[in-house]
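Encoded as structure tokens, the following chain is the form predicted alone, with no partner shown.
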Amino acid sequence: MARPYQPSLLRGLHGITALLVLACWGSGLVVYSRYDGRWGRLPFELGGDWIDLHGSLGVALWPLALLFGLYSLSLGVRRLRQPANAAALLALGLAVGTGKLMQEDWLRQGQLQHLAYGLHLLAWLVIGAAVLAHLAAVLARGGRPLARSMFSLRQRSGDQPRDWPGQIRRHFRSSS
């Protein structure tokens, strides 16, 4: 049986997005615990300005999420047929979009009633569940070999970063 192979552009966008989502999710947990905590708090307190860190991570995630979304809706559209992949991408869009609508002083001032904040919390929960479902689906579909293929640094001929523009052009030419 052939080893699974994931396109290098997918692996790059997916990997960096996953790391930033994980950092946003973790920093968001600290922010939630410190300023909201209606449904529980962390058992420890971390010093520092976590709202600013969380916002900075979100600002870094925004353009990457846009690129990953564009990739997913074009070259990766087949993968969106998997419900866990589609849910994770929609939750990412909701998280980034509502994060852009929020004011960082809302939480510092105890203003927890804003719709954008409520939707941001919902996106945070959905992302957590969608990522777990995504990982379970990957393991169910292809097991460890498929999961490992996302971390592989191996590249096939014609799949180096210099080849990405041509891949994108070919995709759009064949789609039209």
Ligand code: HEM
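Numbers for residues come from their place in the sequence shown, where the first is 1. As the structure is a prediction and not an experimental result, all values here were calculated from the model.
One more form of this protein should be noted, the form predicted together with this ligand, which is absent from this view; the next part is about it.
- Contact check for Q6: a heavy atom falls within 4.5 Å of this ligand in the predicted complex.
- Although the partner is absent here, V30 is not a contact residue: none of its heavy atoms lies within 4.5 angstroms of this ligand in the predicted complex.
- Taking the partner from elsewhere, L115 is found to have every heavy atom lying beyond 4.5 Å of this ligand in the predicted complex.
- Taking the partner from the other structure, this ligand in the predicted complex has a heavy atom within 4.5 Å of a heavy atom of M150.
- Although this ligand is omitted here, in the predicted complex all of F68, V131 and H134 have a heavy atom within 4.5 Å of it.
- The contact residue chosen from L107, L146, L53, V126 relative to this ligand in the predicted complex is L146, the criterion being a non-hydrogen atom within 4.5 angstroms.
- Just one listed stretch, out of 134 to 142, 116 to 124, 44 to 52, 31 to 39, contacts this ligand in the predicted complex at the 4.5 Å heavy atom level, and that stretch is 134 to 142.
- Of the residues in 27 to 49, none comes within 4.5 Å of this ligand in the predicted complex through any heavy atom.
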